[in-house]
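Presented below, as structure tokens, is a lone chain in the form predicted on its own.
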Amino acid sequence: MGNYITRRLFQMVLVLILLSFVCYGLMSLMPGDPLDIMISSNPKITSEDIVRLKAVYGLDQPMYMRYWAWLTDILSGDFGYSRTYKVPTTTILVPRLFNTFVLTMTALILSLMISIPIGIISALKKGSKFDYFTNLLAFAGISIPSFFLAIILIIIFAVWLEWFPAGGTESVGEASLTGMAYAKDRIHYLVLPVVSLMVLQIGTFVRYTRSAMMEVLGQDYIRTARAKGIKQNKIVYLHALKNALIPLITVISISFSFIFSGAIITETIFAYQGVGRLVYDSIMGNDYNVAMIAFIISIAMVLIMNLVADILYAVVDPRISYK
């Protein structure tokens, strides 16, 4: 297991470097550069000033040399400076990471708490009205576009009923709130974005849980356990669910990997100040440093969670070993 993890970590580093180079190259292909806004806002700037500024920011060098300079700074602990917000990248990124973590983690936990029991019951009652109704809702949740659902939620609950705010992260001018008052204010703004993310995740988790449980419940050892007179609850939760977790672990790990990358569409529509909204604004404003660090975090989370999922396979199923 140790050798396997070492090899995977080495592969992760190589993939991370390769994908960071690709992302940096794609960012550099975008029209314009970070100096365009500065130049357009100053009519008195001269061509000599433009040349000097390009040399200062390294924009006069080839792309691979700029990437190497950026990578060297990252490895030395210098994450750069945000040209849009005029602050160090970490200053703007850390609070956004926390906001995205709260949003996506809340949606993921609630989705699992709802979908796994429903998927188990649906598998146990295959072909029943409950099973058909659950499948209908699951397919609807998977199929509905997230931006459309977000707009519908805003229209119904923010415009018509006025129960929740249409967007934002917390109340403006309420910096003095502390304790439970601050928590209630944050939860008030979280409800609609969380529901928007949960609908898709619940539909996905229900389908995977149902199919995995149905496959396991049809195995010979489950019929043997029933023939021995073992209680149904023990068969379902001790024998069947444990073996049905393998395909579910893959889906959960992929979902968990997006916790720090943010839901760009949801955060943008609800004006939620998370990483997804920050990446969108950074790309639109040619803020390379912020966008690249956010990309690296997203890629790293996907690679790490894939490794965690592979390790959990061996934990759940002793037949799986890595040598």
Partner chain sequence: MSTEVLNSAQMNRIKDSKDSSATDSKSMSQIVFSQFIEHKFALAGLFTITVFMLIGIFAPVISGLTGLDPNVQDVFNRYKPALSTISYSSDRMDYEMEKLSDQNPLISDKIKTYLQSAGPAINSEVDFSLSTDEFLVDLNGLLNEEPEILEKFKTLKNPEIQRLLKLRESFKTTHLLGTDELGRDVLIRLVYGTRVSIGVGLLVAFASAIIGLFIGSLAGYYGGVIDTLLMRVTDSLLSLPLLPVLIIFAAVDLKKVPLLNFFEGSEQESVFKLIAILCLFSWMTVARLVRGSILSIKEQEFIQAAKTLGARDHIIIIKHIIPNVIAPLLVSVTLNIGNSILSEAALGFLGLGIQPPIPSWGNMLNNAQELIYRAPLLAILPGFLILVVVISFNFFGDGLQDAVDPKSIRR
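Residue numbers count along the first chain shown, from 1. Bear in mind that the values here come from a model prediction, so they are computed numbers and not experimental data.
Beyond what is shown, the protein has a form predicted in complex with the partner chain; the following relates to that form.
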Query raised in the report: Would L9 show up as a contact with the partner chain in the predicted complex if we use heavy atoms at 4.5 Å?
Result: no
Query raised in the report: Taking the shortest heavy atom distance, is I144 within 4.5 Å of the partner chain in the predicted complex?
Result: yes
Query raised in the report: Could you tell me if N135 has a non-hydrogen atom within 4.5 Å of the partner chain in the predicted complex?
Result: yes
Requested in this report: Considering only heavy atoms, tell me if T106 and the partner chain come within 4.5 Å of each other in the predicted complex.
Outcome: no
Requested in this report: Decide yes or no: are I151, I155 and I283 jointly within 4.5 Å of the partner chain in the predicted complex, with each residue judged by its heavy atoms?
Outcome: yes
Requested in this report: Would you mind checking 111-128 for residues with a heavy atom within 4.5 Å of the partner chain in the predicted complex?
Outcome: K126
